[in-house]
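Next up: a single chain in structure tokens, the form predicted alone.
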Amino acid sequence: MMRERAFLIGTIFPALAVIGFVVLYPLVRSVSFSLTNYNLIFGTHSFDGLQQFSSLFSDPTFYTALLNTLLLSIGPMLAAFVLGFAQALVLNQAIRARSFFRGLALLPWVIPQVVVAYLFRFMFNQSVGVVNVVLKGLGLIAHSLPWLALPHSAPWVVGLIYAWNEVPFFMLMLLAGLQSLSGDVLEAALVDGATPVKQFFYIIVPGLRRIITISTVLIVIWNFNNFTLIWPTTHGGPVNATTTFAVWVYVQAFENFNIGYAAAIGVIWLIFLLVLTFFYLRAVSGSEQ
């Protein structure tokens, strides 16, 4: 018995040590930094209580970053979900070269996000971007527009990048769910005279409820943390139009060197993520039951 216990402890301890070093220690340090006025420029590092959080909640940029984070987490997710669901329904049919089209549909997910960001940045470039060339050719715009430099258009471009990158994930998840549905149920509904629309809303969607919940919450969490698609594209601009928590923490910590303030942002950010993770775990546990 003692040998088994010692073996289990020896097996688990390295994993716990790695988790503690990689996760717990940075977490504790971040929380402790949020309670200080730690600034690398001024060399200050003293206990400041909740002053950083007080300054944070009185900062208009906080509410701008919060709104941008929520909009860029939920809006592109909804668009990607609809398009991914449509792709899954088509690719679930017995069409020619189905395997080829399934592989082709995964391409936006396979390309590294940094490459995707720079690809769209080039496409929406005011001087040589293909978007301006096509729109001017169609007569929809009179002159080239600086899409990424306008506060009202930059968030839409970033949202488009998010959605384009996430459509394959929804396609893959929902396609797997569609293939797990019982064909007998769909055939019985067809025999009973159910139209394709009724089959979709009364059989397919309820049958994929768990997968839909898990995949949508997971994408929202990923979008909440997304930095790679925003920073190479807009750097959070223009005028904070695409500044999210991820971008704001980076700017405060590594450009302004205001470590205490960045840590306070990170703590609030963590609270939001814990709430989202709670709903994700509930969805996962519900699907297992």
Partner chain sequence: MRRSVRSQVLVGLVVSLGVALTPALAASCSRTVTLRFANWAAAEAATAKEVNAAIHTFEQQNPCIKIKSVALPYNEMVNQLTVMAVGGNTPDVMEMSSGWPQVLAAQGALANLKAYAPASLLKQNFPAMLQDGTYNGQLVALPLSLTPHGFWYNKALMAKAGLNPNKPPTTIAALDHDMAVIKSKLPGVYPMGQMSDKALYTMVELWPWLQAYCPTPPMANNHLGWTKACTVKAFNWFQFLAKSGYIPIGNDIKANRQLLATNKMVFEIDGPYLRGIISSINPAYTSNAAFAKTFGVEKIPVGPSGVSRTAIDIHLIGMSKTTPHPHAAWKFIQFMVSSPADVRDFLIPEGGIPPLKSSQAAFKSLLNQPYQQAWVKEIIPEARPVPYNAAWDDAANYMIDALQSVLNGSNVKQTLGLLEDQLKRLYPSYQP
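Residue numbers count along the first chain shown, from 1. In this text, the rigid core denotes the largest set of C-alpha atoms whose superposition between the two forms falls within 1.5 Å. Treat the numbers as computed from the prediction; the structure is a model and nothing was measured.
Quick note: we don't show the form predicted in complex with its partner chain, though the next part is all about it.
Non-hydrogen atom within 4.5 Å of its partner chain in the model of the complex for each of V128, T243 and F254: Yes: each residue has a heavy atom within 4.5 Å of the partner.
Does L67 make contact with its partner chain in the model of the complex, using a 4.5 Å heavy atom cut-off? Residue-level check for L67: no, no contact with its partner chain.
At 4.5 Å between heavy atoms, is L40 in contact with its partner chain in the model of the complex? Output for L40 is yes: heavy atoms within 4.5 Å of its partner chain.
Looking in the model of the complex, any heavy atom of V239 within 4.5 Å of its partner chain? Judged by the heavy-atom cut-off of 4.5 Å, V239 is in contact with its partner chain in the model of the complex.
With the partner left out of view, is H235 within 4.5 angstroms of its partner chain in the model of the complex by any non-hydrogen atom? Judged by the heavy-atom cut-off of 4.5 Å, H235 is in contact with its partner chain in the model of the complex.
Scan 141 to 155 and write down, in order along the chain, each residue with a heavy atom lying within 4.5 Å of its partner chain in the model of the complex. Residues within 4.5 Å: P146, A149, L150, P151.
C-alpha of H235 off by 2 Å or more between this form and the one not shown on rigid core: Comparing the forms between this form and the one not shown, which are aligned on their rigid core, H235 does not shift its C-alpha by 2 Å or more.
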